[in-house]
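The form predicted on its own is given below as one chain in structure tokens.
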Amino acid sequence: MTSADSAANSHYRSRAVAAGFVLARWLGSMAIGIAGLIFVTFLFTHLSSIDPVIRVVGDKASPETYAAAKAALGLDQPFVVQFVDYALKILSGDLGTTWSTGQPVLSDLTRAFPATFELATVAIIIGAIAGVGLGILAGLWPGGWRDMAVRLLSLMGYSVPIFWLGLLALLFFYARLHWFGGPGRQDVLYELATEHVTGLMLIDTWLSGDADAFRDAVSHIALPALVLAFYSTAGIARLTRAAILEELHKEYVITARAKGASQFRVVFRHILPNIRAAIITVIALSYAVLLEGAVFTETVFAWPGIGRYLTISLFASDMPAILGGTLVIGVCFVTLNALTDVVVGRLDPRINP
């Protein structure tokens, strides 16, 4: 074996070790995060004023019946034993049964999550494109009318109540102008005729080959997605503007301009590659917030996602449904954070210790 082959093998081994370290750290952070979520939701069951035994036997049950039901539910066991039992059930996919309908929580969330996932994904795509574009415009011409318009938009995004904006959007664009579809994911006619394969209405209607059903699905998701995208755009544009303003006065940008590089080349060839880690991070965080369940948006637009599911469960004091939805949301947040760390670490190795 030559010295060159030896050096190449050593290089590949070091890269494999580094990749294994990153994977182990990613899995470890996910495991810690999920374990923390399980423990927090378990504490909720003990700190809640809702007595699950009363929900089972009623408030007029005899002390003997109450004690028997408590023992059957395992609530007479020590705290640690209850937690281990709860954690094992969660890890096996048993999120309990809803008190309202008697259905497994997991089956309810399986139906609700695709709606939130679809809405959040469309919203973050719109918000990321608009936010980065507006942030570039504001950063390249600070103090001008473009900058003032973007800053005003960002201020509105942080201050305007989302339910109020959603109601206004329904009033003008749906009720008066008829530009978009109304509440829900589809009109009843198309919803009953569409075969639900993936649970994602845009994909299912596309696969069905029914152009009218697809257009109807697009018209229904467009308005709530634009409302959610407005808030994502505000945060992404603000961070992109700040990052570009910071980079504009650095030596590599000044050198590129001195060599005659165009504004387009300076931005897309030099500045954006250096700030992409920060942009990806804020986009991922915005996406995680949307996946947490846009409660007000889903309620206003009657969107059958996790946000609306949790709202209904809260009003019904349905603790298993609330905790199950919280766990799913938390797992999404932890997973997105871990994936973002891996992606950002690959894009900018200086971030990894």
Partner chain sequence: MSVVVIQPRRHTRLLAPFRRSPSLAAGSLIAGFVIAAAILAPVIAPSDPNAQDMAIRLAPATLSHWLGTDGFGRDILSRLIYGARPTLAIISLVALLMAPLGITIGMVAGYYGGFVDRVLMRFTDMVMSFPRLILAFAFVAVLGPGLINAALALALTSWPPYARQARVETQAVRRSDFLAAAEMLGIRGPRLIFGHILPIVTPLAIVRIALDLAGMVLIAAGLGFLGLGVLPPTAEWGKMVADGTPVIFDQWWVAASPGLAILVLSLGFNLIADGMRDLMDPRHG
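In this text, all values refer to a predicted model and were calculated from it rather than measured experimentally. Numbering follows the first chain given and starts at 1.
What follows is about the form predicted together with its partner chain, which we do not show.
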Note to self: Heavy atoms within 4.5 Å of its partner chain in the predicted complex: which stretch in 127-135, 272-280, 254-262, 235-243 meets that?
What the structure shows: 235-243
Check: Of I203, L91, A175, L106, which residue is found within 4.5 angstroms of its partner chain in the predicted complex when only non-hydrogen atoms are counted?
Finding: A175
Item checked: Candidate from W141, F268, F163, F79 lying within 4.5 Å of its partner chain in the predicted complex - any heavy atom -> F163
Margin query: Can you work out whether Y158 and its partner chain are in contact in the predicted complex, taking contact to mean some heavy atom pair no more than 4.5 Å apart?
Written below: yes
Notebook entry, point to check: At the 4.5 Å heavy atom threshold, is T340 in contact with its partner chain in the predicted complex?
Noted result: no
Check: Heavy atoms within 4.5 Å of its partner chain in the predicted complex: does P52 have any?
Finding: no
Next item on the list: Determine whether any heavy atom of G330 comes within 4.5 Å of a heavy atom of its partner chain in the predicted complex, and answer yes or no.
Entry: yes
Note to self: Does its partner chain, in the predicted complex, lie within 4.5 angstroms of each residue among F44, L47 and T311, using heavy atoms as the measure?
What the structure shows: yes
